[in-house]
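Have a look below at one chain only, the form predicted alone, in structure tokens format.
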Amino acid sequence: MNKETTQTVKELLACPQKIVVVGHKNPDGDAIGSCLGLSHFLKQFGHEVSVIMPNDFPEFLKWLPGVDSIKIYEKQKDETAQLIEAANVIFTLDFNTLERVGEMCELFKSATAKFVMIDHHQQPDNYAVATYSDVSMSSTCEMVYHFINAVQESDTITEEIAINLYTGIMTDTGSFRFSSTSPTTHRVAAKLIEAGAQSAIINQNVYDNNSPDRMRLLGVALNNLVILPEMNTAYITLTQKELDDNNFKKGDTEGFVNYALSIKGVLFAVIFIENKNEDMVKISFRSKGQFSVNEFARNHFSGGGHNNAAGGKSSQDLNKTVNDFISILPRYKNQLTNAL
């Protein structure tokens, strides 16, 4: 974080403020961990802090320290609207455009608070008085760690902060195996462990609490796996009926796309998930090497993200969406066969 941004934030936080910390719609481990970690930090200095998420999040994150304090906009619209209206400062974490908060977007556009953005996605919007953006970072949680060190000279990483930030780093790096994992990421993780984050327990809480329904749904997903060897590509589909038949809960499909990417020779993996409640198909893209799924998602599926991990959506039905995807692939054959 540069000196100018650091100074701006220090001035904003010089005296106790009413602060809202918000993550993106369909929050993941990085969004929840970074928001809770920052909240714990800010509360140490007398700030009145509220954490808001646009909608609910997976069960495997509901053990994190401070999670019971999170306000869910979809369930508490009046209360969250009042908090946003009363805020002096709003921190937006793990997203680069206000549209990522869904229906809450209009509340933020009319808010009188000063905004601070902390995010590692490409092409951030210019709505904040202080923007800490770094696409080279593994996660927003890693950025919050650096943010804390920048605005406070003393060691203020408590055990609660450490657990939240470690969880977000671990989940957003695929347990430290994605290419965004740097030597600094490992050093930060070590510092968080020293501060009280117990790696083995965090791993168990996140990865070893699968329900029987989720494991059966994974079996369905793998049965639906299609490999396109000439394109070094694999994709998975899940229909609304398949989700319903296996008692789908938010977060159950987290990580499924990585199974497709783990196949030998596959450089580009996709999962298409039908959502008839929202009349759309949700899409997750993953890649290895130099093939940019961020560019692919932006160009064709109203999405974006990182070079090797991005999301998108389609208003077409599932079959049409998949057929469109397959028809687009030949344009990228050279890139897909030379991505590594």
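Computed from a prediction, not measured in an experiment: that's the story for all the values here. Don't overthink the numbering: it's just position in the shown sequence, from 1.
Omitted here: the form predicted together with a small molecule. The next part is about that form.
Contact here is defined as any heavy atom lying within 4.5 Å of the small molecule in the model of the complex, and by that definition not a single one of His40, His146 and Leu165 is a contact residue.
In summary, the region of this chain contacting the small molecule in the model of the complex, judged by heavy atoms within 4.5 Å and restricted to 63 to 71, 32 to 40, 50 to 58, 295 to 303, corresponds to 295 to 303. Residue contact with the small molecule in the model of the complex: Ala310 places a heavy atom within 4.5 Å of it. The closest heavy atom approach of His121 to the small molecule in the model of the complex falls within 4.5 Å. At the 4.5 Å threshold, heavy atoms of Arg100 reach the small molecule in the model of the complex. The shortest heavy atom separation between Ser284 and the small molecule in the model of the complex is within 4.5 Å.
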